[in-house]
Structures are given as C-alpha cells and as structure tokens.
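Given next are two forms of a protein chain, the same chain in both, each as structure tokens and marked structure 1 or structure 2.
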Structure 1
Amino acid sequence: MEVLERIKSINPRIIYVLILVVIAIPLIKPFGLPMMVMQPSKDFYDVVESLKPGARVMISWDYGAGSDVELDPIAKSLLIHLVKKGAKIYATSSIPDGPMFAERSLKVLESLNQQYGSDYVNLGFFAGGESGIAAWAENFESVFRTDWRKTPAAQIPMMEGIKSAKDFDLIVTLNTGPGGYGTPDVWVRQIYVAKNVPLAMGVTAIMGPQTMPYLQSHQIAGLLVGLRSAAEYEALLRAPGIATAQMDAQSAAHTVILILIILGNLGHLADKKHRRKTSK
C-alpha cells in the first residue's frame, strides 16, 4: 500500500528521465523483436505494386518537423518501391516546410541512379490548401510554373503532358493532419471526390484512427499509419531500415507506459478501498 502511495506522489521528472533511458537502451543495443505485417500495409504495397512502368506518381510532403520521424521512413520506402516499379515521381507540398523534407527524402533517388527532371522532380510548395489542390488538379501548369529549384516547367522533360490531376496514376499524401494546410479530408475531397484519381496516404499515428473511415469507404486506395506501418513496409520491401530499428524503442517505452497505467490504477483501487473502510 505504501508503495502505491509513493508512486502516486512521484516527481514526474523521474518518469521523464526513465522514459529517456528506456528509449535509449534498445537504440544502443537493439533487441531485434520480430514483427508481423498487417493487412493495410500489404494493401498499400499492392497498390504501388500494381503500377505499370512509367506510371506517374505524385507524392505530397505535407509534414514538418516532428512528424519526420514517422513519415520520412514511409517516404524513403515508397520512393525505393516506386523506383523498382519504374514510376516517375513528382514531389510537392501543401505546407511551406514540406519541400525541405522532400529534398531530404529525394536524396535516396540519387543513390539509385535516378535522373532529376526525367525520373523525378520536386515541384515545391503550392499555397492555398484546399483551393490550391483544386487549382492544380484542374490546371497543373497554372500552379507549377517552375520546380523548387526555379527551373521553368517547360524545361523539365517529365512535365510534358501533365495537364491536370487526372494525368497521374496515383497521388500519395504523407500527411501530418491538422495544422497542415492540406489535411487528409481536403485531399479526399479534391482528389478522390472531385477528380476521381486514386489517392493513398501515409499519416502519423495520431491521424491514423480518424483516417480509417476513408479507407473502409474505399475513398483512399491505401493507408500507412505511423512508424509501425513504416517498419512493415520496410519488411515487405525486404529492406529493414530505420523504422524497424526504432520499433524496439517503441516496445520498451510502451511497456513502461503500460506498467505506469497499471500502477496508477492499482493506486486508485487501493485509495477507493481505503476510503470505503474509513467511511465505515
């Protein structure tokens, strides 16, 4: 009983340091716990797998600092997968921070011998959120006149023949949700509903549950949720990477959180019992 009392009054800073230490251990010495691949990740993989060589795929980096830990690994695996399928990649972003993260992720394409301008291009930021998506979905050239490096669109070979969203075989948003200018709702409204173009999403774990109704209603073709899905995607590509490596730290931290929840509840039950006794 005394232990539970003590736990209740523990200084939260001790918990913070404990979490830091518990996270650091598996990062220094990984446990290598196995992990199965769930159906949504397989479905997402199949969507990309079904693309024909030369397919045009737009990826929108709709995230900034913080969400990069979860969405960068998804971006990396997706880019590798698209290269394997011989797809042309068009990077863009509905938030000002997006192109900076896109540039970082696109570096993987250089190592895969992809040519900028003919295999992939970073079109940079488009303003306007929902109106912005609606604008380029209808008239691509009016919004993307240059790429992020300020090269005129007319001088970029892979921009030829792109008139609207309908010219893409798949559009993917890597999305951080509210706070971003183009939330998942907005993409569904303007890409799937208005243009009927296949749309897939990679979202942060926080956004995952609320995006599920779009997946079940088939308004999005595939959905990856957070670091877990990123690790599953790496497993499907048989290329375990940084997401897989971080899952052990997730295990360790969640074990601590679950123990804390149990201790907190035991303390609460003990409290209740004690109060009942004293009131008698």
Structure 2
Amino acid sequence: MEVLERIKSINPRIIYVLILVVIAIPLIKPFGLPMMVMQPSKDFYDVVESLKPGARVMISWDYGAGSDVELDPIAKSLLIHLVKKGAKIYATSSIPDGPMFAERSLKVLESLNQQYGSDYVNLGFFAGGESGIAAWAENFESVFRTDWRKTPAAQIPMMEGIKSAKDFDLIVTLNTGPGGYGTPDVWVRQIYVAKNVPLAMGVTAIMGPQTMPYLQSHQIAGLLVGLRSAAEYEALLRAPGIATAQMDAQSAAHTVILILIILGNLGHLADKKHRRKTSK
C-alpha cells in the first residue's frame, strides 16, 4: 500500500524519460509484434502481386511535408514489391513538391540494381489537378514531354509506347487529400470511371473514412490507410521496415501509458483510503 501511495509523488521527468526509452528501443530494434492484416491491405497486396513482369505502373506522389511520415513507408514497400514483380515504374505528382518526395523514395531502387530510364523514371509535376490528369490520361505526350531531369521523353527507353492512361496496368496515387490538386475523387473520376484503368490508393489515416467507399464500390482495387496499413504491407512482404518499427514504438508507449494510468488510479484510491482512516 505504501508503494501505491508513493506513486503520486513520482517526478514527472522520470515518466518522460521512461516513455522516451520505451519509444526509442523498438525504433532501434523493432519487436515485430503480431499484427492482424486487414482485408484492404491484403487487396492492395494482391493487386500488385497479380502484375506480370514488365507491367507498367504509374505512382503519383500526391503529398508533401507533413504527410510523408505516413506515406513514405507505403511508397518504399510498394516500390520494393514492384521490383520483385519486374514492373516498370513511372513516378509523377499533382503537387509541386511531390517530385522531391518521389525522388527520395526512388533512391531505394538504386540499391536494387534498377536503372533509371529503363526500369523507372520520375516524370515530375504536372499542373492543373483534375484537368491535368484528364489531359495526360487522353494524350500522355501532351503533358509529359520531358522527365523531372529535363530529359526529352523520346530519349527515355521506357517511355516508348506510352500514349494514354490505358497503356498502364496499374495506377497508384499516394494521397494526402484536400488541397486543390489530384484528390482521391479526382483520380477515381478520371482514371477508373473515364478510362477503366485499375486504380489503387495509399492515403493518410484521416482520409480513410472518405476513401473506403471507393474500395467498397470496387472503383479502386486496393487501399492502404496510414501507418498501420504500411506496417501490414511490410508484414505481407515479410520485410519489416520503418512502419513496423513505428507501430511497435506506438504499441509499447500505449502499453506503458495504460500501466501508468492504472497505477495512478490505484495510488489515488490508496490515498483516499488513507485519508478516511486518518480522519476518524
């Protein structure tokens, strides 16, 4: 009982250090805690897994700073999966700073012996939001005349034969949501509805409820929502990464906080009991 009473007098700095340590350990060495893989993540995985060698996949990095914590891990796992399937990767973005995040993600391909221009390309930013998507979906060359490095499209081997959105086997948007650019509803209208091209999405956690109806109506083939889905994707690939580490850290921190709440309440009850005794 004395121990519980002392809990109330613990220096808050000790708790802060404890939480810091609990978060840091799994980030350095992930635990790999068991995780149930939800069906949307499995659907996304299956769509990519069904691709044949040489399949053409466009990925649009429709996010900027602030959303990269959730969407960068999805991008990395997706790129690794596509390389395993032997797909050709076409990166783009409807957001001006998106190509920089694409370029950062694409660096993982260098370590996988992928050649720029033959296996992957960064086409950079396209303006216009929905009208821009509609334009290249109908006539690819009218929008993408060069890549992000200003190399003419005609000089890039993997650009041969790309005339419209229908020349892609799968299009994926990694999307941060509202902002006047290529939002999820825009991609559904211009890619799936207008061109009947398979479409998948990776979105931030807050966008999950808004995009889930597209999956339920089969307008998108797969959906990854936030860090949890990124960790599930890593589990399916059997390649634990930063998302797994962050989920472990989050789970560990929540466990410690829950224990502290329980101990705090027990200490409070012990204190009340002690006061009742001394007041008699």
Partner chain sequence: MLKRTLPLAITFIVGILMVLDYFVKIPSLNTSAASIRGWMPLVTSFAVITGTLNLVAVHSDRIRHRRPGWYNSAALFLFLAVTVIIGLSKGTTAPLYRFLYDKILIPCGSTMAGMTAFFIASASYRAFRATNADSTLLLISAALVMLGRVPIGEFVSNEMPSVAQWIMDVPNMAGQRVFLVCSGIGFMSQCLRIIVGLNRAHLSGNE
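Please note that residue numbering is based on structure 1, beginning with 1 at the start of its sequence. In this text, the rigid core denotes the largest set of C-alpha atoms whose superposition between the two forms falls within 1.5 Å. Keep in mind the model is a prediction, meaning the values are calculated, not measured.
Working note: structure 2 is the copy from the form predicted alone; the remaining copy is not.
Comparing the forms between structure 1 and structure 2, the C-alpha position of P26 differs by 2 angstroms or more, with the core used for superposition. When the rigid core is held fixed, the Cα atom of S50 travels less than 2 angstroms between structure 1 and structure 2. Core-aligned CA deviation for S217 between structure 1 and structure 2: less than 2 Å. Once the core of the two forms is superposed, the Cα of T255 has moved 6.5 Å between structure 1 and structure 2. Aligning the rigid core between structure 1 and structure 2 leaves the CA of G267 offset by 17.4 Å.
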